[in-house]
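Before any questions on how it binds or moves, here is one chain, the form predicted alone, in structure tokens.
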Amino acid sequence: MKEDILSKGPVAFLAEELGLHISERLLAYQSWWEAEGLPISMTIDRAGTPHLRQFSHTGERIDQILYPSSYAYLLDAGYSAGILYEVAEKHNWQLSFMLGFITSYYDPGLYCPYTVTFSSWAAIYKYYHGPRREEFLNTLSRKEPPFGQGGTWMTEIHGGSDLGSNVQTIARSAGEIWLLTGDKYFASNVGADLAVVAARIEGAPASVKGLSLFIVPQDRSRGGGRNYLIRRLKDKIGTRSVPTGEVELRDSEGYLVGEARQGIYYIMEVLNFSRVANSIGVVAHGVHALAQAYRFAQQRRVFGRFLVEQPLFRHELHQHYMQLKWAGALAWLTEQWLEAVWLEKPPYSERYLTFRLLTHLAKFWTAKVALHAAQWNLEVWAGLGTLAEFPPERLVRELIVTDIWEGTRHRHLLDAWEVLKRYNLLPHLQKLWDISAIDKTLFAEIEQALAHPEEEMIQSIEPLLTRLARAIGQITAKERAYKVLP
């Protein structure tokens, strides 16, 4: 059965392994990718980093990103399919994330612009009630081109994990607007029409409590030209279909989102949107890696037999496939919790804190499982897999990047452990999931570890949380119970 599913593409995996309802729109979107999207994506990846045109021929600062002409066609396909407006107008979250799954199966980098646009829209919808609310929301949820795009710009040169220490961008009041000055080092989807940006209001504490969130449009109000400048674009090893760059904010106009003192909560909510999307996307790309391995093994003859006929290959294919099935179930469970709790505001309920824990588990574990699948695919192809002219090396490059997107593995491990311990979530998890048939001693071992200082248990955190993520994924895959319990 798994071989048949791998031969059919991402839609079959969604339907037959995750039990999700498939519409004709999804099948049409997959067909478009097979016929048109993937060749364009491959061209963009091989072309490398896009070019930045900073000035017009008249000397005006325009900071225009130059991609192959077909890039806009590639990008518009997802927006046209409804990856944004299905949520913004119809609240059809599942269809939006399934379109993201298909996108990321072929090109996880392209899923980034959709994701950061989605998370920017969510932050504005939930917390911004200023005079430009409808304008901003409409910009990011257009049904037809030109489509508006969002960005989430938090990280500065010293890193993104410790935002409380590393965000140096300052915001000062200028009446109805704020003026932001600082530098963002990893700005995904640079060139966005609207970006949500982390900054610190003048005089605010030099900690996470001093962070605020702002909306920064591409252009200044009243025809004042570019509102932010692009210093340069990054030449990344993968995810080249999303432009990542360094942004200079120089008295850039910003609009405060929600309450100034609540900024860290808004920032974490934005990141959690992206983490859920990342979890779904990496599973899709991991499934693509297994499909590539299976196709190659059908044609590769080794020691008198096709590779696909050999027991070790089939055993390892099954192992990777089951891991991705469980990872996919965990990712989709986390998406359902997001849909159920996303309108909650701080202070958060136990349900929201459970979602936060699931997000950390899903982000680190799905990325790990998918990258292992891509590395195994490269091994199946052997020397051919290391050549840029064949698919395996790109699959690995893409998943190396997505592995550290929106927080590295160790960050999620420590954050998940902190949530478990600080909010005493273990009894709640035991009520939600009976994992004794899968791992009899896990909850007891976690309870024992939580009773000790973190420093004493540091070597146990990853094995225990990996087992927890896998167990919840296995139960969910078996029962296909994605909905949130009361």
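This is a predicted model, so every value here is computed, not measured. One rule holds for the numbers: they count along the sequence shown, beginning at 1.
Although not depicted, the form predicted together with a small molecule is the subject of the following passage.
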item	value
Listed range touching the small molecule, judged in the predicted bound form by heavy atoms within 4.5 Å, from 232 to 240, 294 to 302, 376 to 384, 333 to 341	232 to 240
4.5 Å heavy atom contact, W153 and the small molecule in the predicted bound form	yes
The small molecule contact in the predicted bound form: Y352, any heavy atom under 4.5 Å	no
H410 within 4.5 Å of the small molecule in the predicted bound form, heavy atoms	yes
is_contact(P113, the small molecule) in the predicted bound form, heavy atom dist at most 4.5 Å	no
Heavy atom within 4.5 Å of the small molecule in the predicted bound form - the one residue of G191, G160, P217, G100 that qualifies	G160
Proximity to the small molecule in the predicted bound form, single hit among Y348, W93, F313, F186 (heavy atom within 4.5 Å)	F186
Output flag, T244, W405 and L414 jointly within 4.5 Å of the small molecule in the predicted bound form, heavy atom basis	yes
